[in-house]
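What follows is one chain in structure tokens, specifically the form predicted on its own.
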């Protein structure tokens, strides 16, 4: 007897934050979705200790799929952003009436999302598919069952990018590493986020969710090799005045920064790549995940006028996401290079740029609205 073919609307490869959130938003719109995860689905499979900076647009998206309220008391809101460089003595401060963003632990949101997908029977663990196996509207087997999907979406990040020919990429500066960790501090963080451009790389400090308001997270990107001791000295030097005495957590995580933009031409035109599969930008802007939420929103908006089977669905989707992705990719590369070069010309450009932002209110407003994800020009 011939096996029954299971028909789905979407297959999503990768059950990380973006893949899971896309699946939940599609399920709420009555689409039939299956998510594949190469790891197991037990609580211990996702022990991500990092935090996530959620801008205003991403927060509103989480509200729209009924997840934000589930994070009650598990996030801390950012009331102010301070930017400083070693080229300027004065800091550039951004404030808004509404929260400028929020910080949550990755695992808190992922745990909630996975519980929803498990309840919906829409997620399958311990399953890996190679790119060459994936083709929309074609039958293929997953764990000895036959499936067909109208649309296949890749959310798997670098595990899939490593399978693709390098001719499909625009690559950025890959000489930096990111160092991520946490520290306790003597003073209340006052819900302020900081971006300090040091001579050796940008250092960002974000308030982390904690009942004492004396716990923060950092991300530092640099070409240098950084030890726990040197990291503590750097934070002390830049933040002892604002945070008081600090106590650095034992574990510091590091990973290589590999900025890229992916062009899914030719053999991959049948698939949709989102989030880290589509782009990776230097963390100087802290906007990678928030851009992934915009990918999801563009996909959902397109579904309002086009069916998944539309011949030009993929090309329209990419045309909507290409400009903003290229803008952020270019912006972060330019900012990083400007401060990394440390020449008289680059120093002059960096100092003038910050002074211009400080003096012109309309530019400050445009800058912060874009960072919050509520700039309608690009949406």
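Computed from a prediction, not measured in an experiment: that's the story for all the values here. Residue numbers count along the first chain shown, from 1.
Below, we turn to the form predicted together with a small molecule, even though it does not appear here.
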Pick from 306 to 314, 63 to 71, 29 to 37, 323 to 331: which stretch has a heavy atom within 4.5 Å of the small molecule in the predicted complex?
29 to 37
Mark residue 24 yes when one of its heavy atoms lies within 4.5 Å of a heavy atom of the small molecule in the predicted complex, and no otherwise.
no
Does residue 289 make contact with the small molecule in the predicted complex, using a 4.5 Å heavy atom cut-off?
yes
Is residue 207 a contact residue for the small molecule in the predicted complex, using a 4.5 Å heavy atom cut-off?
no
Taking the small molecule as it sits in the predicted complex, is residue 337 near enough to touch it, meaning that at least one heavy atom pair lies within 4.5 angstroms?
no
As a check of understanding, the residue in 219, 231, 252, 92 with any heavy atom within 4.5 Å of the small molecule in the predicted complex should be identified as 219
Partner-free chain; cross-checking the small molecule in the predicted complex, the single residue of 80, 263, 184, 127 with a heavy atom within 4.5 Å is 127
